[in-house]
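Just the one chain here, the form predicted alone, laid out as structure tokens.
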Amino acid sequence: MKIRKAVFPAAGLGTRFLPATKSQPKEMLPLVDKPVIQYVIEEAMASGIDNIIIVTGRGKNAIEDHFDVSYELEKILEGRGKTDLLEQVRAISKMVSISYVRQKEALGLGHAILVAKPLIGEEPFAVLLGDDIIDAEVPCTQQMISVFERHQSSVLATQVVEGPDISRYGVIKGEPVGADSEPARTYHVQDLVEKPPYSEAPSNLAIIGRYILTPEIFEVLEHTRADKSGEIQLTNGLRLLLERQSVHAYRFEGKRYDAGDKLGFLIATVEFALKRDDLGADFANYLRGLKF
């Protein structure tokens, strides 16, 4: 089955970026001159996905406005002869088919995915988290779709995280699959643990914010108990899914930036700016001149 739809959970409060996120969604914070959510949607599009579902919440209207037609802005740009900017603005509203569904309470990633069930139906789908920006020659989601097509199972993106930082992530226990080149990239998942103590982590493979999920995940999430904070965690739902069907993990090729962390966001901003044809050289010269 073809992966045609992707869910983008965007109902979180963005407390790590207060006070900036007091009046704007964290998903609209710009990496150079493009909001982080646009990078992730462009990844989905480049992976062949043509139907985007954004799970929003209170105060997220700016996301809808960004991907909508802005007649007033287009008229001003056209009147001033700024055709390059006009084309950029129009391209955003024509990017892809986007639907919105409201998550009235931020009750965890599992709950956000469950809210999207009526728009997904009985087909496999992707989930992309805006906090994770992945720069890859082949889009990360496309790499995972290839794994799904081979195994016809849910697929989790993973990366190697060494040392105590592994305790910040969900972590898999898995066995390498098939004739992958060394080191292995595809794993058959045997178990998942959410934010284990470093000494108890089952591996150094951390789960990153990209998923391909089969529709059975919805029934599983409906029966997943909320944790102590009252949230339905996707990791707990995936553990229940493991009791019914195979789940695979894939160690993707590419560089991941944690745009949900202030330092990670700054690093991504610098490195993305340095790659720009219109900014890179001048910005590099500026950085070389800084004294520390």
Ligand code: G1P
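No experiment lies behind these values; they were computed from the predicted model shown. Heads up: residue numbers just count along the shown sequence, starting at 1.
Separately, the form predicted in complex with the ligand exists; it is not shown, and the next lines address it.
- Within this chain, K195 lines the site of the ligand in the predicted complex, having a heavy atom no more than 4.5 Å away.
- At least one heavy atom of G209 is located within 4.5 Å of the ligand in the predicted complex.
- A184 falls outside the set of residues with a heavy atom inside 4.5 Å of the ligand in the predicted complex.
- In the predicted complex, the ligand stays beyond 4.5 Å of every heavy atom belonging to L128.
- Contact with the ligand in the predicted complex, defined as a heavy atom within 4.5 Å, is made by none of K2, S153 and F252.
- In summary, the region of this chain contacting the ligand in the predicted complex, judged by heavy atoms within 4.5 Å and restricted to 145-153, 98-106, 214-222, 168-176, corresponds to 168-176.
- Between the options Q38, S47, N51, T235, the residue in contact with the ligand in the predicted complex by a heavy atom within 4.5 angstroms is T235.
- Contacts with the ligand in the predicted complex, taken as any heavy atom within 4.5 Å, map to no residue of 44-63.
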